[in-house]
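Just one chain follows, in the form predicted on its own, and it is written as structure tokens.
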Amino acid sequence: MTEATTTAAPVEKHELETRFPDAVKAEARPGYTGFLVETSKLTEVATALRDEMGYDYLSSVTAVDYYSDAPNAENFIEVVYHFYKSTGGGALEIKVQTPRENSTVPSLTPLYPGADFQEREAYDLYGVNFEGHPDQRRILMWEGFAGYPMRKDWKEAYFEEEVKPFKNRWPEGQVYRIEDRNPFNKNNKYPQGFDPVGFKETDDPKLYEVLERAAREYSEDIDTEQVVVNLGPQHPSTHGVFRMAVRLDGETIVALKPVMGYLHRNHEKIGERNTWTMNMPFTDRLDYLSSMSNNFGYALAVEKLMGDKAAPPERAEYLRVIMAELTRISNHLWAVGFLLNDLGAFFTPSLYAIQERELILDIFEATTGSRMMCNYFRFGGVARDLPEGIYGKIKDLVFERLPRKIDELDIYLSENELVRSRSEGVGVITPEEAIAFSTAGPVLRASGVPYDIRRADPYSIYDRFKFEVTVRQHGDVYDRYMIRLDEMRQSLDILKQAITDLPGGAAGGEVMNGKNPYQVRVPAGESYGRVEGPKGELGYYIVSNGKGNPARYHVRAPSFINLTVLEKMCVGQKVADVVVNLGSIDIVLGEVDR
């Protein structure tokens, strides 16, 4: 008898490694996926991904600070990219590493314009210089801010401890206010040479320079003087504290730059201090109209790392889908109502839309205890089952009332002469532009791109339901309005199937995989969880070092990234169209600014 020998099957190389053998290496770190790319070859690799391999959609760009103050620790900044094919499929993830001192990476904005705001965010919060970026300025912090707040060695004014729960709360239970022991001004840092008394603003002059540069590409036969107008940050049409600096030739927009960050609270830094469980209610505060979808994406990202022990029971999977689709309808009702406000129909249509939304919020309140900050999802299920009587109420809404009310909105609004004349042909985005600018959700599909994550890269149990990925072909404001009506009807189709097939029906059943833990530990590694939220792709990139708090917690916010295309929508349009274009994107500033 001869001793059996086994030989490991050779690992097949990805075409990216074959194409760039000296510049691309498959990830070898346990729990990590994707490829490490030589920084100097990033542009070349990204060009091949887009032009040769079909990865035309750059969904997410972010950075991670790998830092330790231990002796001989290897410290560096890693920039992480998630590419997809607009025809569907999973992610291709690549990373480049750069030293923490003088961090420099080539900008991908010339190849993928959708990287613009995301690279500015990584520059702003991590100090990564994106060489070749056409407009690298801070985007969320103000220009006099000292340092890069997402770096691990940056400490805020009221710094207490690296991670929660803080010792004075638990287990010691001796609660005190950190500001009483660490008063403001005693620890406030300014940039070198900064004088708060003699401070002169430098950011606005740079902003106006960028506007002037962009306006040079625009020419008219008549020689007229151009003027700059600021809309916001305090204006009802901006849907929150948001500013648009617009350069006008007569009434025609020749350049526009969004200015944001007025509500920035460093959501991600707080998220890295929180425990994994604490972040679930924290996600409610992003897009406060869609807390259930926010919970969903975060739960998926963490459950990917936790594996089978966090697999939700069947009933919980159905409840998740039911809540997510009710959220989509609720969000779109709000979006349609307020778009009509932006078009000048002061509040009457929106009040009719809000009335239906309130009925959905009744369901949320009865189930979760809150109308908007629902905090309903848990790792491995949902917090609680439907209370008595709610199954029937959902059924009545989905099968009877909502289809009728959505039809009424359609009948009274869609053929209205003013709605059509103010929105058709306004703010047109072609399919190629929609993909290049990384737009997502209704903005992308209204431009004729049939990309919906529920179909393109299915998650949860969406592959069990029959529904259409609806598209519109003109890419204008009118189509972005119509696509939301289409999507509400498709959500109703999904809901009808989910309610009918819900295991246990009205009687109830198991909604958690085991006991709902007070605290979880997540295995070391990284993951990216994404859902098709009402406003588009909502993604969470997380890194775990095996401890009780995320080492990295990043939110790919659709409201923020969809704004990248706003200037493209508006140039050549009249100034009166700015408000309508912005309304058609449907943003929530809590998610934009984070």
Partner chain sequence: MYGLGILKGMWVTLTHFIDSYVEDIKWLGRNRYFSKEGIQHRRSKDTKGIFTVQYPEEKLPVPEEFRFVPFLIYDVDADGNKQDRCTSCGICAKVCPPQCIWIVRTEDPVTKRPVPEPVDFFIDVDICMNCGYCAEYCPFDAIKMDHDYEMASFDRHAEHIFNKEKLSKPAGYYAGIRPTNFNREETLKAEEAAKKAAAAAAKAAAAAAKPADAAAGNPPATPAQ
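Quick caveat, the model's predicted, so the values are computed rather than measured. Positions refer to the first chain, counted from 1.
From this point on, the text means the form predicted in complex with its partner chain, which you will not see here.
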property: Close approach of Thr104 to its partner chain in the model of the complex, 4.5 Å, heavy atom; result: no
property: Any non-hydrogen atom of Phe83 within 4.5 angstroms of its partner chain in the model of the complex; result: no
property: Its partner chain contact in the model of the complex: Gly369, any heavy atom under 4.5 Å; result: yes
property: 4.5 angstroms heavy atom contact with its partner chain in the model of the complex for His264; result: no
property: Partner-contacting position among Glu365, Glu131, Glu156, Asp501 - heavy atom within 4.5 Å of its partner chain in the model of the complex; result: Glu365
property: The single option of Phe282, Phe467, Tyr123, Tyr391 touching its partner chain in the model of the complex, heavy atom within 4.5 Å; result: Phe282
property: Segment that reaches its partner chain in the model of the complex - one of 448-456, 157-165, 434-442, 477-485, heavy atoms within 4.5 Å; result: 157-165
property: Contact set, 403-438 vs its partner chain in the model of the complex - heavy atom within 4.5 angstroms; result: Arg404, Lys405, Glu408, Ile411, Tyr412, Glu415, Asn416, Glu417, Leu418
